[in-house]
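What follows is a single chain, given as structure tokens, in the form predicted alone.
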């Protein structure tokens, strides 16, 4: 893993495939495609064009084609028809979690490179089948964990790679909202999504933690999964009251993971927890030389000259006169790295084998929550 984090943000330059733009297809024309993936494509409009749009609701695909598509972009309601177009180089899979695995596998086997939205899949078996498909086809597959490319995360990853914290043996992955349950789409549908906040936002926090620890060998997982608030009304939810009849996913979940090398991770995930301590897509690392958290920007704690100290790197140039603060380019970098993997053969940063372990752990937390027993992954 060393070296595939921070330095990748320095990539520059325009690349075309056979002197033409890369041709993308979008499968799933929902909110995440609009606020994330189409922005990533737009950042490299000289290199990429979206020539096909697919959604089970044809009107949505037509709207996306008009707004984001290349001239003459095609519209489909069946992704398998889109995949028959041999001129398409790559697809973005932005559908509900239930269909990530089979759409991705079909796309790879149709000769397309794939950027699949997170989480990789609902189950470890599905994720493993996706990894196996990559090995069979030789195509590029990466998963949409764009938080890895945030400026603050990149700084911490670089510090981990230079051993600033020593052996990281204790960590916490934070994905806590007070009352911010997403009430649109199928977020509340366990069948479509596989779960609630654990698989939706907990997946980001766990991915960041494992990546910075560079540890993908879980040993044991114990979890608690709660359905405590879902039947409430007049909820005070920041995104509007949820429908109790449609809330089939958990409102909170917590997991304790031990790794084969003895390290431990505590994962907390909630859309609606009665707490003022909200943290999302953040993590805490504790090592033999020092530690880091995101409680007030990046805070590094260590010992120097026999005294405990706290360092706060000025990642966003706060208080620097005449300086333009650097922008987080996470979405753009996710798109850039996918392009480079296709056109230059560069390695992806989010490797499917890593994302598969995230799914394995999340599934084990759900299983442990149901059975009340620890799950061993050896």
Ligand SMILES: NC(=O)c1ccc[n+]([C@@H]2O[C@H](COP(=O)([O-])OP(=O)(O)OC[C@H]3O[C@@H](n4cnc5c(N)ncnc54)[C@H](O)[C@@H]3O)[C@@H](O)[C@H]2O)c1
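These figures come from a predicted structure and were not determined experimentally. Residue numbers count along the first chain shown, from 1.
Another form, the form predicted in complex with the ligand, is not on view; read the next lines as being about it.
Item to check | Residue among 57, 42, 323, 309 with a heavy atom within 4.5 Å of the ligand in the predicted bound form | outcome: Contact check passes for 57.
Item to check | in the predicted bound form, the residue from 113, 122, 204, 174 that sits within 4.5 Å of the ligand by heavy atoms | outcome: Flagged contact: 204.
Next on the checklist: Which is the contacting stretch out of 156-164, 301-309, 208-216, 140-148, given heavy atoms within 4.5 Å of the ligand in the predicted bound form?
Outcome noted: The contacting stretch here is 140-148.
Checklist entry - Hey, with the ligand in the predicted bound form, do 25, 70 and 338 all fall inside the 4.5 Å heavy atom range? => result No: no residue has a heavy atom within 4.5 Å of the partner.
Checklist entry - in the predicted bound form, does residue 252 have a heavy atom within 4.5 Å of the ligand? => result No - in the predicted bound form, heavy atoms of residue 252 and the ligand never come within 4.5 Å of each other.
Next on the checklist: Whether residue 127 contacts the ligand in the predicted bound form should be assessed with a 4.5 Å heavy atom distance threshold; does it?
Outcome noted: Contact check for residue 127: no, nothing within 4.5 Å of the ligand in the predicted bound form.
Checklist entry - Does the ligand come within 4.5 Å of any heavy atom of residue 30 in the predicted bound form? => result Yes, residue 30 is a contact residue.
Next on the checklist: in the predicted bound form, does residue 191 come within 4.5 Å of the ligand, counting heavy atoms only?
Outcome noted: Because no heavy atom of residue 191 falls inside 4.5 Å of the ligand in the predicted bound form, the answer is no.
Checklist entry - Within 66-101, which residues come within 4.5 Å of the ligand in the predicted bound form, counting heavy atoms only? => result The stretch touches the partner through 94, 95, 96, 97, 99, 100.
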